[in-house]
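Only one chain is given next, in structure tokens, and it is the form predicted on its own.
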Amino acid sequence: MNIFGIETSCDETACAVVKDGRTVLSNVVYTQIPLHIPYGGVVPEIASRAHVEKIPEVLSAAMSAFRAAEPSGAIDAVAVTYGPGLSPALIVGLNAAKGLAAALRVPLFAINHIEAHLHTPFLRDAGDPPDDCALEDCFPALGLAVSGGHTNWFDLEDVGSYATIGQTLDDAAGEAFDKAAKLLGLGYPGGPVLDKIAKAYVPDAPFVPFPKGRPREGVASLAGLPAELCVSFSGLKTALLRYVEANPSVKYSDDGADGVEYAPGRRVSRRMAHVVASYQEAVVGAIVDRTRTALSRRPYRSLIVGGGVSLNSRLRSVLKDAADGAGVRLLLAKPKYCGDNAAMIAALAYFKRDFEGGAAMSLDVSPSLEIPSAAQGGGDNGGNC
């Protein structure tokens, strides 16, 4: 079964075709990062306008790549992100998907963006050697979605059966990285730059003791979730701000030849690198501490991680240690599938196809869509509705 996926939840215009929920036959992503760099973050109006301008081109390119891969193949269904995300951006993708499904006379499936990230470790490219990653052998699993907009932990009983057991109470990890990079004058997007600097830096002093953001029990924003599985990054950002205010030279000295070169021709002072590495360690430590706690609460067969921040080299390394310590398998997506993409949307739709596809034709976008939490008696997220 070949499913055409469309993803426009934020600042990537993406289309893809996936066969039988696993094999990616085409995958085209137009990134808007250059458009948003001058503003230090995603501007919804710019994002939606770029989606409108680019989606015909991206859709056509993905369809052409699919036809080249399978000349006699046909599209059996269309899938689209309907939430969560930026409302104006989501509308562009949903309308395009409705039009394509109507033109092809195939069912339309509406997919939860966060849930789709958790399916990315199962994506494979045509021509990849066979793997031993059978879905039925991976559940129950602990899921971690860690991106620019989300940091959530999930009980995954099976594909389509999810419940939130922990989450960030404010900023997501990716947002915490971006805001830190902006504060330090390192540009946007911040996560990749911080990762490169921290990786190039060889520590020569104890890390700055930035807080790891553990909320107190009984806080209303926990919404019934256990504090030990939730995180707050607002205090960490404030701690960084106060540190920079007290040490303004951090931002302005590059130490010349004694600085840390993190990319060809790009260097920062050792002091800046020390602060960056300390901050990253606090973010990664907060995530991994909660992950270890979750892994200790019940038996799992795997740890499934998705989202753009899962590209962070330090996070990948420490999550591997946590998974090994718990005796579970760590499943990470290929780097090209960690960020927002349409392959994950099309792939997950294959496993949601038991739901009536026609309902999505009358569906509206859901910018604040969530997966139910275990505290709310969570489970399946409702498929297409």
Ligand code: KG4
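Counting begins at 1, following the sequence as shown. Only a predicted model underlies this, so the values are computations on that prediction, with no experimental measurement involved.
This next part talks about the form predicted together with the named molecule, which is not shown.
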Non-hydrogen atom contact D178 with the named molecule in the predicted bound form at 4.5 angstroms: yes
Even though the partner isn't displayed, in the predicted bound form is G174 close enough to the named molecule, meaning a heavy atom within 4.5 Å? yes
My question is simply whether V309 lines the interface with the named molecule in the predicted bound form - judged by any non-hydrogen atom within 4.5 Å. yes
Heavy atom of G148 within 4.5 Å of the named molecule in the predicted bound form: yes
In the predicted bound form, the one of C338, A47, A62, L348 near the named molecule [non-hydrogen atom within 4.5 angstroms]: C338
Between the options P211, P226, P192, G259, which residue brings a heavy atom to within 4.5 Å of the named molecule in the predicted bound form? P192
What stretch, of 91 to 99, 287 to 295, 311 to 319, 75 to 83, brings heavy atoms to within 4.5 Å of the named molecule in the predicted bound form? 311 to 319
